[in-house]
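The form predicted alone is given below as one chain in structure tokens.
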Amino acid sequence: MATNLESRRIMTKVARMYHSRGMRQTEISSLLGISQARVSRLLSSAEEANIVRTVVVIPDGLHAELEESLEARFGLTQAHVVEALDDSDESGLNRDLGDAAATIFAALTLDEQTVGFTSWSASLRSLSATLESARQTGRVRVVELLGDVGPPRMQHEATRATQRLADQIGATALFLRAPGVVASPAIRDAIVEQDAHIREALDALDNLDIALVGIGTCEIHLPLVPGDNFFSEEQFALAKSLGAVGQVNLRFLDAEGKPVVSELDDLVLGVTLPQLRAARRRIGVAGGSSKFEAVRAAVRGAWVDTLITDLRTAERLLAE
């Protein structure tokens, strides 16, 4: 049911761009990062599904006008609004967002590209679990955007998610098997110096084509615990005292989406904000009331150019 709904959503978006905005198929292909042949198939499918008549008919449960308003307000390339079954259930919401993200990601052309993946994000692990085979013809790499955080069980889940994503798109996986947060810059430098695989993964972050970005709060939530390859409560308090309201891949942002610079940056083993900014496409998959400020900071600062979020978060973003 969810997969069918997401397929109709993509058909509707492409149909509106073609019929309502008058865009050429080549323009749609370039903007959405999919092949022109797929654009043509989506337009044909939209007609067969009775979405396109003399006007574009938006099926129940889809929010095309809301998505276009988000794109215009925040300068997004794409916005996708998911009507979650229960947006008060965080784990269920993550699954709903991940399911939607899998459909969107599967449509991208990835040949010869480097895909950054935040394996500790629950919604992005759901994307990996849901994604069906979308193998590419060219050489593709999947590189983790952050080292390990949390207990061994969570690290194992992260590794499996990265490998599954790589397998489904026929890519080579580059793992960042090192603590995501270390005690000192000296320890970070020593870890990098001693492990060639870590250096290879970190070097790949300089050439990201697509980044699946992790968006988080300035709080500690189970199964994460303070100091377990993660920031402590005192370190989060420091970030908040400097104005942080959220973070992308453990890089802190203020309410306007500007970087909150501190010594904490030197303790993170993962993608930097300049590396993230340089990625050709930055996809954020997050929602829920607890992450609202973080999502708002991410779109205000243009740290993501594609946002996949829930209906309530989308409405709150526009209401402000």
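Since this is a predicted model, take the numbers as computed values, not measurements. Just count from 1 along the sequence shown to find any residue number. Heads up, when I say rigid core I mean the largest set of C-alphas that superpose within 1.5 Å between the two forms.
Here the subject shifts to the form predicted together with the DNA, a form of this protein not shown in this document.
Stretch-level contact analysis of 286-294, 39-47, 251-259, 270-278 against the DNA in the model of the complex, using heavy atoms and a 4.5 Å limit, identifies 39-47. Among the residues I51, L70, L62, I34, the one placing a heavy atom within 4.5 Å of the DNA in the model of the complex is I34. Proximity of R21 to the DNA in the model of the complex falls outside the 4.5 Å heavy atom cutoff.
Shown in the overlay between this form and the one not shown, fitted on the rigid core, is a CA shift at M23 of 2 Å or greater. Comparing the forms between this form and the one not shown, the C-alpha position of V14 differs by 2 angstroms or more, with the core used for superposition. After superposing the rigid core, the C-alpha of S45 moves by 2 Å or more between this form and the one not shown. Relative to this form, the distance between the C-alpha atoms of L307 and S45 is increased by at least 3 angstroms in the model of the complex.
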